[in-house]
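Shown next as structure tokens: one chain only, the form predicted alone.
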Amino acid sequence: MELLDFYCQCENVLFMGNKILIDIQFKRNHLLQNGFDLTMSLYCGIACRRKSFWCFRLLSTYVTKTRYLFELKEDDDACKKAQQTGAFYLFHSLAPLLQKSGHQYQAPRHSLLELERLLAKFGQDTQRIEDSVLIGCSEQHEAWFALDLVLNSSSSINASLQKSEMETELKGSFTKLRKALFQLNTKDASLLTTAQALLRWHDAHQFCSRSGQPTKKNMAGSKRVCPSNKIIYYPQMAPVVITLVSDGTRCLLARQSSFPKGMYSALAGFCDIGESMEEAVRREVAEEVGLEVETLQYSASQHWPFPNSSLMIACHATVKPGQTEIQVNLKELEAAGWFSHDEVATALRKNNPYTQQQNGTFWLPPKLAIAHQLIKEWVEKPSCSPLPA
């Protein structure tokens, strides 16, 4: 009997021991699971926060701006809605409204409400706002538009007579963009050149080249459509190569008769149909100054609004050694010549056209022009690593 009791007590101990072990194992597993869940929660939280962070980064900068502008170009209703909170730059016969501030120009912007009041005051239909074109937006998605108060207006003669009154009302002046371009800040210059180019293109492409019927602009001004045959027309730019030629120690500068007095620049010309950029550079240099390009190097590109929209493709080129004698094509250029590094560097430092005209020295295109950047690059690093032409 005692042996049986002892055995039962042992069984109880074993049972309790197993129970304790099971409880311990269960609690261990529970803790591990909770720890795992906690770890996963922390990881997922961090991952989600990281995901949100990256999404936020993407959605607050270039990508979201680009996609927003794309939406406005494709959706007339979205674009019209954007006009409600957008801002408008005003033009008169392609001349932007500017305000003088010291030696600089500023481009004022107007709300839709201010624009409606202005149009009403000068007897123009507020429906004219639909002639505006989308030219950009802020990072906060404030859309920017441009409207010419005269182009395409049935009351254009009346509007022309009211120009001075409009300037008084708007506290600014409609100034030719070519005159004001180099006295604008970079942002305004970019927006106004885009605006002028789009406004000019729409003014010149109001009819379908196939049917002869009037074309219709979409709300953003990113295209025109012929209602009769559904042909879509998009604004275009002509490619132009602009090339600074060097023989290693000198660079070649030229001028056309249409240039301001005393200004010299790099060689430039339109690309022909069927040409590559490299072929256009070689041909233009041969045509204009009778030299053969040996190597060339791409530098940068720039939209240029004068006289019509062009895409300026800037390159550095070197000519074959011993073949540097210039033969100017007088049908293309007024003059061309080789200039030393010191001469060009001095011109860059004293690039005030009014002073240099009085001194009889040459001057270079202003800083905003890509020709200026090409010349500056050459002065700072005359021996670029060239690519075969």
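Start at 1 with the first residue shown and count on from there. Keep in mind it's a predicted model, so treat the numbers as computed, not measured.
Same protein, other form: the form predicted together with a small molecule, not shown, and the subject of what follows.
Although the partner is absent from this view, Ala204 stays clear of the small molecule in the predicted complex, with no non-hydrogen atom inside 4.5 angstroms. Although the partner is absent here, Phe306 lies within 4.5 Å of the small molecule in the predicted complex, judged by heavy atoms. Interface residue remark: Glu343 is not counted as part of the site for the small molecule in the predicted complex, having no heavy atom within 4.5 Å. Proximity of Gln256 to the small molecule in the predicted complex: non-hydrogen atoms within 4.5 Å are present. Just one listed stretch, out of 235 to 243, 190 to 198, 217 to 225, 92 to 100, contacts the small molecule in the predicted complex at the 4.5 Å heavy atom level, and that stretch is 235 to 243. Met312 is the sole member of Met312, Ala280, Leu291, Val150 with a non-hydrogen atom lying within 4.5 angstroms of the small molecule in the predicted complex. Ala268 is the sole member of Leu115, Ile135, Ala268, Ala107 with a non-hydrogen atom within 4.5 Å of the small molecule in the predicted complex.
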